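Quick heads-up: the structure tokens below are two forms of one chain, split into structure 1 and structure 2.
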Structure 1
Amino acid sequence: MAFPSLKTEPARVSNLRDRSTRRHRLTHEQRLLIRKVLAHAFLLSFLAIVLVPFIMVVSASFRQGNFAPSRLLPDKVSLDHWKYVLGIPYTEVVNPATGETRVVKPVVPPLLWFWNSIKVSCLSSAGIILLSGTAAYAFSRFKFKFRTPILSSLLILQMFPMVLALVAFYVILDFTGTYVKWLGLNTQAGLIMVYLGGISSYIWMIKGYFDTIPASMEESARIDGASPFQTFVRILLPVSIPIFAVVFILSFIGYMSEYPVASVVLQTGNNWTLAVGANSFLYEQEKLWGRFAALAVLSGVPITVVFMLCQRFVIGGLTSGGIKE
């Protein structure tokens, strides 16, 4: 073959390759740069869509008058809405011509709604964890008749739109209220009790997690003399804290946003949750955007911050099959 000729050629070949690769690399680099710029532009514009609404809400909460959020910066800054939401009295000009003023103070400080929501959501989520954690333990670790059918029907039955069963909730709470006062209609305990029904998707989530924990750990504890309950509490629970964190956060956020049931169960302003209260600012006749915005910022920020801090947990839990509702 052409061995000798090859020997004389290396210089030229490498030269050629060099040139071609350099030209190639240049265009490649340029292409990469263009692509990167495009990607950043895309991401930034998307970020704008995500962030601008929030900025506008902040601005609306500081803006004098009750305007729908529409500006990045308020034109006339006023702290009235914040005072209102925090329950601090402030004076408002009723008639600009005469300079007549009046003191405004909410009957129920809207901050209370936020507090109610936190209370209801925390207690409900804790209850959910208790109920679904124990149930998941049984489904994951014991054998009993109809285990699989029960598990599937839990999931299917939960598909019933609870909004449409409000009549039934009303009937139940009306009934319980006649015997146990603090558990009836227009009580937060009653609302929490209703919320405790929504356990099935969380049972599935927690069971999925339990199933990944090798049973030999619990068997070992059993040989060591632990009862099933001791095993559950001292071995399985400490190991499963991540999934409980996920369930807590997901159900917490879910209940923070729950509107229809809360709006029917809770009738007086001092009992309202955030969702009901926030919506009450936006009646058809009079939309109090400024107050709503202040309340939204005040209550949205802490929740968001907590969520962001726990993000790592939640993402892990989501990929194991939860859905935010």
Structure 2
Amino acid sequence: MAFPSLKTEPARVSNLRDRSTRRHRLTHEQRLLIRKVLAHAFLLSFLAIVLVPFIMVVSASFRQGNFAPSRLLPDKVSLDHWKYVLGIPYTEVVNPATGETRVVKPVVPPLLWFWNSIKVSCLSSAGIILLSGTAAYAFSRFKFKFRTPILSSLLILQMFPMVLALVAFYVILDFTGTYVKWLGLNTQAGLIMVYLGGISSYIWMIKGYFDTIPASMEESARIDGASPFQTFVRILLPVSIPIFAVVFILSFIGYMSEYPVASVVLQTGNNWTLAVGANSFLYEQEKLWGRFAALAVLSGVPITVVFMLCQRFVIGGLTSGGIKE
């Protein structure tokens, strides 16, 4: 009876080990492939959730007739909605049987609402940077009485949305308008003043950024004879541009799309912002979805431009901690 040689046993064990390793490696590669497929499927699904509604709105703005967004591509392409939004008169067939037509032209140009929104949003955002920046500097650098309770009160105030104070805003502006006409109801200045009241969250944001900037820089400036205001303007502001850019972007986006407060304060078509004007297309009897969609797409243009201009400051303002010692 022949017995296997002991020399062949290590080779046989080595072969079995190699097969097991290859089998294990194949299983590991399959797991990686499955993970990649699942990750790509999730990302594509998320991208579709974001892009599909936007494409449907763009499609509705180029679709003939005022139909609600229901498909990705319009069946009949028309530029009538964009002509109306841009204030370009166009001819519309009233009676196909007789060939009767009419010239369609908006009573109040939607571009006026567009300009009102940009004006109110820019002035409000600039005012918020001015007020919240100076207030945050005081809370960050100065020690005064009731400093901590005031900061805590600001933190509590930002938990309540501005919509809850609509009645108070209406009463205050109505009373103010009896003495100062340009600062009452149905004025853009009154709306800007209301918007400037929502600076509590921005004060906390800017204060947190100021706290990370070493105070030794300002102490050196004071030794050289700089006043607190000069120190703030020449030392602190240049290194705080990222957080101010972030505050401007966030406030600008919020005010461009704000509707409840603007709809209460602004009461005539010439003073409406884009959000209030767009809502006027949604009547109870007839909803003009095509014009609404065109105006919605147009409202995204200034937001995109502002974000593209300031995008290099966004990551720095949200993640960086100023200048480290």
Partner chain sequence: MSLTTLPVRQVLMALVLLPALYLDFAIYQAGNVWIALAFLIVIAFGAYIYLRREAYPFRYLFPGFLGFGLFVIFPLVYTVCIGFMKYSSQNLLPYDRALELLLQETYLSGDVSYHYQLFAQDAGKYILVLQDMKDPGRRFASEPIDLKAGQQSGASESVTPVTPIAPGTQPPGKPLEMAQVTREKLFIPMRGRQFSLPDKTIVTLEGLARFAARQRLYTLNPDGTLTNRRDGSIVHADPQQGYFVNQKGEKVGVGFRTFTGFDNYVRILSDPRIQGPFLRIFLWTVAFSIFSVLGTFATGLLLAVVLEWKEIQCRKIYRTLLILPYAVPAVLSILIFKGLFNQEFGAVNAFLRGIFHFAPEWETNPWGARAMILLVNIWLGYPYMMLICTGMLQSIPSTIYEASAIDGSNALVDLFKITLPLILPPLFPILISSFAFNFNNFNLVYLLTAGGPKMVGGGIAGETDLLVTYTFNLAFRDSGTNYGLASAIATILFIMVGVLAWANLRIGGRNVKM
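In this text, the rigid core denotes the largest set of C-alpha atoms whose superposition between the two forms falls within 1.5 Å. Along the sequence of structure 1, residues get numbers from 1 upward. Everything numeric here is computed off the predicted structure, so don't read it as measured data.
- Structure 1, rather than structure 2, originates from the form predicted in complex with its partner chain.
- In the core-superposed comparison between the two structures, F144 has its Cα shifted by less than 2 Å.
- Put the two forms on the same core and the Cα of S220 is off by less than 2 Å between the two structures.
- The Cα shift for T178 between the two structures, taken after rigid core superposition, is 2 angstroms or larger.
- Once the core of the two forms is superposed, the Cα of M308 has moved 5.2 Å between the two structures.
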